[in-house]
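Okay, here we've got a single chain as structure tokens, the form predicted alone, with questions on binding and movement later.
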Amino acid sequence: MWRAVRLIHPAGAPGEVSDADLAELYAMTDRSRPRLRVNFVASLDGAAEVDGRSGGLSGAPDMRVFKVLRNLADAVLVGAGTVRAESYRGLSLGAARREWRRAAGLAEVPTLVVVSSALDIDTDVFADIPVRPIVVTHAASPADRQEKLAEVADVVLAGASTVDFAVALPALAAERGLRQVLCEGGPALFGSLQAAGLVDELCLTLAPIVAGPGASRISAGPPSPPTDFALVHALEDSGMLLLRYQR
């Protein structure tokens, strides 16, 4: 049986943490400042997936936070590989969540932003998207695929032969008002963003599972310098830890 989510750090009042409490716990104090938040789930031994998908590590508490983080985001940033592996199908929100976002002064749904170098993206993945999505790529990506994707998405070029996130993210904020960006993976995208020094916050769920050897970590790619993060809060539900860290 699932217990109520408990706030265990910093010390808080006992009792159930409601969805409204979660929204307050994860809220950004200054939405005018661009901010990149990354959200991942991992096993106790550091695995980012089970059988190739992060869904094998998730659970009801994790999904509650997942929905709250999406509610608070202007844009959801995701790599093309994660779109394929996790079967992304739209960002539709229910009426109550849309109303909450309107009351908070946000667009009814966040904008989906997909990052891809090869542009190997099935356009059908955008069929159920309520807001025209954005594909971020670089100038050397296949021109014919740029043209095809432009029929269903806004194609943004950032960088000559690789995606330059130091160009892409400020452009999303300045030109489109997408300041609060939530990255949902995958590991290669997280690694690239961290290497560029752009990650402001990591929301990490630790699942009470030992996955065993072979699985990838939540960050991948070339080495980058270690970065210190501070724990903002920790929540617990049935052994699952929901952690919020800020750089």
Ligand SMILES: NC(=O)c1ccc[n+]([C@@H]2O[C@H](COP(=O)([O-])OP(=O)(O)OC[C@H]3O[C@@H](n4cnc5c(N)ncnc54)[C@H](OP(=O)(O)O)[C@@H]3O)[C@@H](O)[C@H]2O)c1
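The first residue of the sequence shown is number 1, and the count goes up from there. Predicted, not measured: the structure shown is a model, and the values here were computed from it.
If you look for the form predicted together with the ligand, you will not find it shown, but the lines that follow are about it.
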Is Q194 near the ligand? Define near as a heavy atom within 4.5 Å, in the predicted bound form.
no
Does any part of R64 reach within 4.5 Å of the ligand in the predicted bound form? Heavy atoms only, please.
no
Can any non-hydrogen atom of A118 be found within 4.5 angstroms of the ligand in the predicted bound form?
yes
Could you tell me if M28 has a non-hydrogen atom within 4.5 Å of the ligand in the predicted bound form?
no
Single option in A48, L178, L182, L198 placed near the ligand in the predicted bound form, where near means a heavy atom within 4.5 Å
A48
Which residue, P170, G159, P130, G81, has a heavy atom that falls within 4.5 Å of the ligand in the predicted bound form?
G81
95-103, 68-76, 110-118, 148-156: which one contacts the ligand in the predicted bound form at 4.5 Å, heavy atom to heavy atom?
110-118
Neighbours of the ligand in the predicted bound form among 141-175 [non-hydrogen atom within 4.5 angstroms]:
T162, V163, F165
